[in-house]
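Let us start with two forms of the same protein chain, each given on its own as structure tokens and named structure 1 and structure 2.
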Structure 1
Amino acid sequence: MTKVNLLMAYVPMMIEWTEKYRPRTLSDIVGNGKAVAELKKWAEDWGVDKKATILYGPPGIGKTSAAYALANDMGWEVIELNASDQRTAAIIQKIAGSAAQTGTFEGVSGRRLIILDEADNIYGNADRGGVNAIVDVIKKTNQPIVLIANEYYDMSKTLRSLCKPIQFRSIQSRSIIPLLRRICRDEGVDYDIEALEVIVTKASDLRSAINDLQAIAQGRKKLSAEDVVIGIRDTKGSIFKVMTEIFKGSDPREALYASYTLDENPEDFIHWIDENMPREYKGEDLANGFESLSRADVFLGRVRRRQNYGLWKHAGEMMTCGVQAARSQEPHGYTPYQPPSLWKKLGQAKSVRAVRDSIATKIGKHCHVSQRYARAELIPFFKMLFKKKECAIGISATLDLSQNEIAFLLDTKDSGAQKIYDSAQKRIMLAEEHAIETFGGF
């Protein structure tokens, strides 16, 4: 503790709190006790087990902090490389390779910790050889190496086999609160405990919680829950949080601003609202909600036709504020939101659609109509004709339908289609033989 406070005296005013309050020692790390213990043991016994370790897990939960704190605790110098900054094999070889092999000026006891951040991000053409270089460095190193990654299985098998994996998990909201309290105290900000609770429930991880706190609390003497609700909107939210804001919130601006934080564009986002609105709204609310969504879709259509993306904002407003304003009843508790079923259905129906389209093409050609007309008007008619076996055989022969196509028109998967197909093919053969006999003389 004292260590942290001493350091603070030299820190300029505008420094990010995530840096300012970055733990200096492993014992300051919030959560992930088991992972921290494993990491400590790996360092203390270094040389016995694997020479490198991979710290993996979701962003913003202290992986990099743990690596730095470790170096601090062990008295090691740090060389940090960011895989996504300098990703060529040459640079990794040059820096990590030399550091790994030469030791330090301070003598054998003083080691250097090589931290390679975003290690799951060294693929693609630009990184040709990048992974091989790291593998090479790890094999030859005489210094400890920490790789940091979000996705363990995004890394190559060889790379994984050379490293000791240590998993970092998301930190429970509850365990973040004590840290926020401490920061508030140190910054001289008075706070309602509810305000901190709102921050931790809305933030997706530890880092973003600290960032949110700084964004809202800086320049204030007191922090109320209300300040937080209004101030929180600039943080990046998940699509589920945004939907909660739209369907259960009561401030249309909140709903709109929440949607700004998404990576989804309105073309995709509208399908999320569309999918889940019927789970939230009933009766008149649902009708009014869809009225707004229908208007939003008209704006999307105009954007598409005129390539005028400035109009997107109107679509965005209708699908957030509009949908929220449609609600007249109290929102009910928890709603399990679903991703858009449309996309899944489109994938599943692929083969049925292919059969249907090939029938429509055959009918269209034969009956001099468009495929669209065949699909909408004639396929239902043909399905009716197929209720009579003799008729089904005759038409299957006329159009030379496949067994799948016959099954589609029969609405069946049983052997009926097979029999009709065989009879139709026989008929086609007979007709061909007859034609050869008739015109055989030519």
Structure 2
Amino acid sequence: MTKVNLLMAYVPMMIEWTEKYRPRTLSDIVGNGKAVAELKKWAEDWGVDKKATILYGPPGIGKTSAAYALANDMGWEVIELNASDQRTAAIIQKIAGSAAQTGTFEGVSGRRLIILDEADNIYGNADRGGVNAIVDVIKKTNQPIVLIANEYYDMSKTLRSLCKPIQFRSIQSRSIIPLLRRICRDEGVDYDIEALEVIVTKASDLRSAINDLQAIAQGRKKLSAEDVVIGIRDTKGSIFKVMTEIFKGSDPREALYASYTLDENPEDFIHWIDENMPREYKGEDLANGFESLSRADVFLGRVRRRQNYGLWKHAGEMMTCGVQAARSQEPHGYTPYQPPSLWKKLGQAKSVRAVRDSIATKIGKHCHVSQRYARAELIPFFKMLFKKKECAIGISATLDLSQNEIAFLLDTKDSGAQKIYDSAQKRIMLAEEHAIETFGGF
């Protein structure tokens, strides 16, 4: 066996309690009784009114679990498509489209439930035909479709009009505590009710409450309020300490357990490891470390595609135990760890896109064209016009462009944008004063 495989055998399998205690039927869903009843009725009356439904509400409250529980209750096969990854027209038509047109030999009337997760993230990808493809699938489907979203109004208006909206709301504390009590009983953990109340108070949603309970209660036979207060403090501990345990520690079990104390999911945590591993490892150690990290990324990809969160534990093992096992040299002294630079780049790119889209909206409204056409065809033309100062001032005044929007069209960050903005604002003020004088004279 390789060094990594030996370490994997040494570390006990840690099953995520959120997956272990995922509701199997609609009757097991915690809270949201009205939404669950609406979902059940939609399924029983499927085809009479809307062929698709949108389950929307805050993350971590059981929307995806409700969809799977519905399929289990109805005896339907599930075809799941993660919209944030697989949302191009070609892929949607290939997976969801074919699934929507064909039946199965099993289940009620040969039906299959098509689940499209993160549907509110499709809107930003509409240029690749994602929204239109889903609209087409819904119109032609012979199978029930469930779209899942956090923000209902971030979705395409056309898409919303074709679906029955069902809102899931945040779950009240009194509904979460009975589930935590049952989990404790099943896991053989004695508890004080005050301990569970503290966990629920500190958690932001049902999923967080279960994760916090697992992080604090695992390995204990008795859970008191004092244990929870200490555990909560440790759960929100420093990610830098966890990375030190991984890169400089010698116990794979401690590295794995340390990662459980973080308020980070594996998809975020892997970026921290990726960013800082080159600061610790060199040569062959670095290559072996990235080999383990790439395996973790494969598991995370399967989680995104299949919504099988049980695979998170394998990703966690590879990015902690596997990365630690890759080190053959003694660790050196203090290392200044840094947050993932990718996040900064994505944030910058997002802000640039927001400015670009704002300009396209103003141009489109003024020229009576779509935002998409303005973005693709007219913005390059306006950039050419902005090479002439007088032209830039006139356009900026007409469209009431902000300084950031002017800088975007100038392709510059220097004071030129400020000067044009000031001149444009003066021109706007003069035009308004002239209009007032004209009206008064009339």
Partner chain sequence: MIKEEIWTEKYRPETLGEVVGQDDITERLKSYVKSGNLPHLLFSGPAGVGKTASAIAIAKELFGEAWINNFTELNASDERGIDVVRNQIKNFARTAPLGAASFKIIFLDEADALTPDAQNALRRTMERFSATCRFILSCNYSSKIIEPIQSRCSVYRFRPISDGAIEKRIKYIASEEKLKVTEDGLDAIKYVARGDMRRAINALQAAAVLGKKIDAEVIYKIATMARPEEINELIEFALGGDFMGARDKLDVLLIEQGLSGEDVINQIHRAIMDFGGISEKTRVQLLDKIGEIDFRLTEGANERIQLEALIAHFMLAGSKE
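Structure 1's sequence is the ruler for residue numbers, which start at 1. In this text, rigid core is short for the largest set of C-alphas that superpose within 1.5 Å between two forms. This structure is a prediction, so every number in the text was calculated from the model and none was measured.
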Please identify the form predicted on its own: structure 1 or structure 2?
2
Once everything's superposed on the core, is S170 shifted 2 Å or more at the Cα between the two structures?
no
Following rigid core alignment, is the displacement of the K282 C-alpha between the two structures equal to or greater than 2 angstroms?
yes
Determine whether the C-alpha of G75 shifts by 2 Å or more between the two structures once the rigid core is superposed.
no
K426 CA shift between the two structures in angstrom, with the core used for superposition:
21.1
